Structure formats: structure tokens, C-alpha cells
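What follows is one chain in C-alpha cells, specifically the form predicted on its own.
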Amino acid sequence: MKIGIYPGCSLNGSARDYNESVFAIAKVFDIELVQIPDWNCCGATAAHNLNKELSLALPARILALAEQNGLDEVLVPCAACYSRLVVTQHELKVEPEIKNRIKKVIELDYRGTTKILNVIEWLDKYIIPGIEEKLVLPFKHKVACYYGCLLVRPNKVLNYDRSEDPQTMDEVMRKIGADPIYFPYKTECCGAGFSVSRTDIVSKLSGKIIEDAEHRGAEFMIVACPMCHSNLDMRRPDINQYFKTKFTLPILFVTQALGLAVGLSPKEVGLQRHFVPVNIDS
């Protein structure tokens, strides 16, 4: 089976571990992930704040290339990229005049026919149905499933199961033996793109998320966004300094947890790349 994939900038850089775990799982389930040829940056957190036309043209070009290469479905693991692609597809669908203008800008035909899947949707559709026969080491841990802002919003466009208390990732984790805790911070903002410019804001917001998860007994926090992982994992020294404590909660991408459950090694899913040590035997 072949499915398109748009890795975006993060999965080729700061979130290499996420990329490795996605492709490793796909291999276990005999899924060939085909990168969209000549893909470009989607604009992520900046373009839509600066230039409306640019913010639509960048994702539209990606989707047009997917269509041109016969990719009916495209997996977009990064929550920020997923948000930009889905929102653009929606806006061009409801605004035909803008769609025609954007087609001229990107100099490509664009029909808006590609099905865009975030990582949870991909796992739920293609991995979870066959998980029982592949399960080697059930992930028997208490987990806090953290969805963040961009995976579930805007709700009117994304139609996620429950925008304030989503459950899909929790259900995916239950399928591999985990025990998702009640976690009211699951869609709170971690500081998002302020990771470099305002580390103090990230420390405060991300710290509150980690503090609540640890307080509720979580052994791992499960995420599906490179930006969230970066803020919660890489910025841990700043968080601990801000809160004058030492939070030790490891942050795993959902694909890393599933990879471990189906027998992949810690190295195969990129755990050695984390800043906060991950002890899977704890």
C-alpha cells in the first residue's frame, strides 16, 4: 500500500525522531510512504500572520503537487503543517475566486481532492485495525495524551471528535495497553512558536502542562506535534528553572509509543535524540 507523506521542515530537522518512528511503523505494517516530490515549507506559524496570499499559496502548491503525482491521501505528521494544509483546502473550497488566483500564483492546477490525514487519523485508519497481531510489548503505562492547539482547532474546519476534550489519541493508546489519565490540559497551548523568541512564555505554559500531568501520576506524556515536543522536551531546563523544581516526565511522540509496542527498538524510534531521558522500563 502506498500513501503520500508531507514531512514538512521539522521532521527533516528538529523532529528527526518523529520521522524515524513514523517510517519505522509504516514498514512494520507494509505501508510505503511516498514523499511529495519538490515539496516546500507550508508557512507554518508565520505566513498567515504576514501575508494572506502567501499563507494559501504555500500549502496549495504542496497539495497541487500531491494531486499531480497521484497521491489521493497524504499523511501530515506535524500538527502545525496539518492545520495549514487543511485550513487552506477549506478556504479554497469555499472561496472559488481566491482558489483561481492562487492557481495562477503557484502555476499549477489545484482541485482540492487530496485527503489529508493527521498522524492520529493515519494510525486509527491503517495501523490500529491490525495492531493485535503485531503487538509484542504492550505499553502498560499511565500516559497523559497531549493534543495541543493545532491538532483540534479550528473545530469547524477540522471536525475533531471533541475540540476541548478529544479522545482519539487516548483510544489509540488504549489499543496498545496504555492507561490514559484524565488530563484537562490536553488542548492547552504550550507556547507554540515562541520557543526561540520568548522562552519565558514557553517555560510558564509548558511547565503548567507538565506539572499537571506529573501531579496526576502520568509516567509519559504522548504528543503528535514537533513544536509541542520541542517545547516540552528541549526547553525542560528553562521550565525547571522557571518553576524552581525538577520535572522528569518524558515526552514521547505517539508513533514512538506504538513503535515500542510492536517491537521496534528505542533507537529505531529515535529515543536517543530526546533531551529528557526516556526509561521505557520505568
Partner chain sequence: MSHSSHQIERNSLAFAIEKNVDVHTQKCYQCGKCSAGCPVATEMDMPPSYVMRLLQTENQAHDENILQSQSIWLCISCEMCLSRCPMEIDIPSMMDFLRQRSIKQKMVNPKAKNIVAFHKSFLNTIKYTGRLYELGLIIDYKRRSLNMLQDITLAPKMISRGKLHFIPEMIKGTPQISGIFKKTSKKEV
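Residue numbers count along the first chain shown, from 1. From a predicted model like this one, the values you see are computed outputs, not experimental measurements.
The form predicted together with its partner chain exists for this protein as well; it is not shown, and the discussion that follows is about that form.
With the partner left out here, its partner chain still marks one of 74-82, 150-158, 118-126, 171-179 in the model of the complex; by a 4.5 Å heavy atom cut-off that stretch is 150-158. None of the heavy atoms of residue 166 is located within 4.5 Å of its partner chain in the model of the complex. Interface residue remark: residue 205 is counted as part of the site for its partner chain in the model of the complex, having a heavy atom within 4.5 Å. Within 4.5 Å of any heavy atom of its partner chain in the model of the complex lies no heavy atom of residue 135. For residue 140, no non-hydrogen atom is located within 4.5 Å of its partner chain in the model of the complex, even though that partner is not displayed. Using a 4.5 Å cut-off to its partner chain in the model of the complex, each of 54, 191 and 273 places a heavy atom inside that distance.
If you take 30-44 and check each residue for a heavy atom within 4.5 Å of its partner chain in the model of the complex, you get 38, 39, 40, 41, 43, 44, in sequence order.
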